[in-house]
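One chain comes next, on its own, written out as structure tokens in the form predicted alone.
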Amino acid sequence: MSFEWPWQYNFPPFFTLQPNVDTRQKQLAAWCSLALSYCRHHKLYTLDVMEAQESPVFNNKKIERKLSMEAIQVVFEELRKKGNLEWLDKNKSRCLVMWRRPEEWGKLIYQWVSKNGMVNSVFTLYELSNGDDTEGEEFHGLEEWMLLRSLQALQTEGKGEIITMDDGKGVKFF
């Protein structure tokens, strides 16, 4: 399945931050939505700011337009304010992208556990994110840092407990 670009992506002014406050807010919302949709479609969890400008999401080669580095920073800051992005370093050169927040992932995982009658079961992190049983589930292939945050959210809700096992971490669901 190929990624479906929004109409704005082929509209050259979309690649220039607009000076009008209302227009700019709508534009930033569209950029945030596009960036998250793109990352979700390609299952991207980390982005490098320097590479972002050459990424198809910010660089439309068909119309020969790309978002400036400053504008990309503005989009990333907007994503951070919304809770969808965290910086990995003080220089703000790499970031974690959360197209689904940990609580949302936790809810999906717990629904799967409940639906399959696996409450009171223990899983390794590997089994949850890469096991045969989870193949075809949206959380299959989830990166470990996000999986752990999702399980921490479930632990806070009393629906699971992260445990240390001989070969790493696991979780028991309640």
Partner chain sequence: MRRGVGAGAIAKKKLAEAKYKERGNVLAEDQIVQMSKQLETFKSNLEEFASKHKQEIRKSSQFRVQFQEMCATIGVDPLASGKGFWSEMLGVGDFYYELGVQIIEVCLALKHRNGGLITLDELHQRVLKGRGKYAQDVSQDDLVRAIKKLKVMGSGFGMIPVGGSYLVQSVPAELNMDHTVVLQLAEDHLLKEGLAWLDSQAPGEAQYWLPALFSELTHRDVTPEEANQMTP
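Numbering follows the first chain given and starts at 1. Quantities reported herein were computed from a predicted structural model and do not represent experimental measurements.
Although not depicted, the form predicted in complex with the partner chain is the subject of the following passage.
Trainee: Please determine, with the chain shown alone, which of 22-30, 47-55, 128-136, 142-150 has non-hydrogen atoms within 4.5 Å of the partner chain in the predicted bound form.
Mentor: It is the stretch 22-30.
Trainee: Decide whether Glu70 counts as a contact residue for the partner chain in the predicted bound form under a heavy atom distance cut-off of 4.5 Å.
Mentor: Result no; Glu70 lies far from the partner chain in the predicted bound form.
Trainee: Mark Thr16 yes when one of its heavy atoms lies within 4.5 Å of a heavy atom of the partner chain in the predicted bound form, and no otherwise.
Mentor: Contact with the partner chain, yes.
Trainee: Please determine whether Gly158 contacts the partner chain in the predicted bound form, using a 4.5 Å cut-off between heavy atoms.
Mentor: Flag for Gly158 set to no.
Trainee: In the predicted bound form, is there a heavy atom of the partner chain that lies within 4.5 Å of any heavy atom of Lys107, even though the partner is absent here?
Mentor: Lys107: no contact with the partner chain in the predicted bound form.
Trainee: Taking the partner chain in the predicted bound form, which residues of 51-66 have any heavy atom within 4.5 Å of it?
Mentor: Residues within 4.5 Å: Glu64, Arg65, Lys66.
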